[in-house]
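First, one chain by itself: the form predicted alone, in structure tokens.
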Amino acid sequence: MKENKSRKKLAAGLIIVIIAVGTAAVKIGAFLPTIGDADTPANSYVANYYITNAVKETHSYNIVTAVLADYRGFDTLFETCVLFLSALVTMMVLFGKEKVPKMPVKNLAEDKYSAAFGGDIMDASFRIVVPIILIYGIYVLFHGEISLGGGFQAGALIACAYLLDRIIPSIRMGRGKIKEETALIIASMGAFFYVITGILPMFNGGNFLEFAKLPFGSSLAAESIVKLHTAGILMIEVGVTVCVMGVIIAILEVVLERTDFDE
């Protein structure tokens, strides 16, 4: 009887919460602009301002990079911190879990498939693919300001190269795996480097993330300011790359440590 009463109270409370949240969402939604409406403030003022002034004010020919790394530098910083926290939480949840025992091979076909996964074909293919991915990841990082790419994409590419090297033991291109604790430290160093990049202008009389005030030059000429903006954007892109790479590797390692693979 007590269990039934508890379940009824729980169900009643859940229904009340759903109704309250739904009502609040409807009321709040009535005041928000319609998604996709051309007359919304974002489409009428902000977007046009970015398109018109991004290159002149940020000296970045890639408007996406200009918005993420300059106009919305605070937002990108917190997104980087959220990624770091996601790796931290994943490690906290899975760190004490036991490794999944290896499942027995049911038939010969599965055994052949398992052997082929790390066989000569995969070995030869990934010996070529991994270096190309690493080179492309670095290219994407350093060209994010003027073309497609940036820190998030570069970090993911470098982490994917590590993933391929990690799951194909026959390659052995690296010196070994990176421990999840080490990967988390690497990710924190990327976020910390981002913060340091924002603090440096404050020592030169500027605001947080004001790249034109980076203490790397004394000239106030337009050419010098362009170089400072380029340096500032590149620095935070490096921080984002290192953080994203560390986060993906940390999550990968904490999962692989609890999964049985043929070493």
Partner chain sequence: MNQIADHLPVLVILLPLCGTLLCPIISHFNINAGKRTVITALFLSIVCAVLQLIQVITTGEAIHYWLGGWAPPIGIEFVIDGLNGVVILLVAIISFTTALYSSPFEKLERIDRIHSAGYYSMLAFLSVGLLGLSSTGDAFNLYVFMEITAISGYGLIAVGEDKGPIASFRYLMTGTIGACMYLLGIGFLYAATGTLNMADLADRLTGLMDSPLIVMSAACLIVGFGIKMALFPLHGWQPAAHSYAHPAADPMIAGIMIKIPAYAMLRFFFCIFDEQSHVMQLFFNAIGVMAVIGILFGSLKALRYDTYNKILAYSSIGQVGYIAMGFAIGNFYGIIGAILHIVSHAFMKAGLFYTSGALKYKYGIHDINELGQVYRKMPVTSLTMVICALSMIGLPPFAGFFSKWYLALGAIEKGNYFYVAVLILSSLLGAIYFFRIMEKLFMGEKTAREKELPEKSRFELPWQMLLPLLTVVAAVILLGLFNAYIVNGVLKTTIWEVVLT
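Rigid core: the largest C-alpha set superposing within 1.5 Å between the two forms. All of these numbers come straight from a predicted model, not from anything done at the bench. Residue numbers count along the first chain shown, from 1.
Heads up, the form predicted together with its partner chain isn't pictured, but that's what we're talking about next.
Asker: Work out which of Ile168, Leu77, Val130, Ile178 lies within 4.5 Å of its partner chain in the predicted bound form, going by heavy atoms.
Answerer: Among Ile168, Leu77, Val130, Ile178, a heavy atom within 4.5 Å of its partner chain in the predicted bound form occurs only for Leu77.
Asker: Have a look at Val238, Val195, Ala231, Ile225 for me and say which one sits with a heavy atom within 4.5 Å of its partner chain in the predicted bound form.
Answerer: The residue in contact is Val195.
Asker: Would Gly205 count as touching its partner chain in the predicted bound form under a 4.5 Å heavy atom rule?
Answerer: Because a heavy atom of Gly205 falls inside 4.5 Å of its partner chain in the predicted bound form, the answer is yes.
Asker: Would you classify Met122 as touching its partner chain in the predicted bound form, given a 4.5 Å non-hydrogen atom cut-off?
Answerer: No, Met122 stays farther than 4.5 Å from its partner chain in the predicted bound form.
Asker: Pro215: heavy atom within 4.5 Å of its partner chain in the predicted bound form?
Answerer: So Pro215 does not count as contacting its partner chain.
Asker: Find out whether any non-hydrogen atom of Ile135 is located within 4.5 angstroms of its partner chain in the predicted bound form, and reply yes or no.
Answerer: No - in the predicted bound form, heavy atoms of Ile135 and its partner chain never come within 4.5 Å of each other.
Asker: Core aligned, does the CA of Ile199 move at least 2 Å between the shown form and the other one?
Answerer: Stays below the 2 Å threshold, so no.
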